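As a starting point, one isolated chain is supplied in structure tokens, in the form predicted alone.
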Amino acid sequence: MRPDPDCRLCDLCEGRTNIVLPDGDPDSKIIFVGEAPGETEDLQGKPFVGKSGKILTAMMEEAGFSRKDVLITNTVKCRPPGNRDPTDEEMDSCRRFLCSELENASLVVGLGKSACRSLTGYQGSMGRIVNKRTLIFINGKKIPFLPAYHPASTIYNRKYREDLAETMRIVAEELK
């Protein structure tokens, strides 16, 4: 299920250039979920193509796989103003699109606090949950979920980079 090209389910439509749809292998059973599109993503209409995307792509390649091996999406399909985190209401507006993308996954990787909050309801410290598998419920199905740091956070904290590299190794094993 995709949003209508003129989607107006929330106020994010007011500032968008493009609706940012998933990228990668639409048949992949491993799906990365980010928080929201940034400026570059909004301009190109593809998720994770800006600075965070370059980090994510490089880390995937270091682990032995590429963007074309997985599906990459976001909790919301339009850029929040000023690159702020999406609100719960905005994530709820896009929830049906996200659920349709995730319902056949064998592993969902949540990149960052907003993605993890949206998919698990967790509101605590990321350090407590990173790389600890849990289950999420998508359209009545239990799906393995792996919380991970957002690539942008690795710019400021070396430990987060090591933890995200471990996430990528876990995904590489799943792909085998």
Ligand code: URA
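From a predicted model like this one, the values you see are computed outputs, not experimental measurements. Sequential numbering from 1, following the sequence displayed.
Keep in mind that the form predicted in complex with uracil (URA) is missing from the display, and what follows is about it.
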Please determine, with the chain shown alone, which of 139-147, 125-133, 58-66, 31-39 has non-hydrogen atoms within 4.5 Å of uracil (URA) in the predicted bound form.
-> 31-39
Heavy atom of residue 52 within 4.5 Å of uracil (URA) in the predicted bound form = yes
Relative to uracil (URA) in the predicted bound form, which residues of 98-136 have a heavy atom no more than 4.5 Å away?
-> none
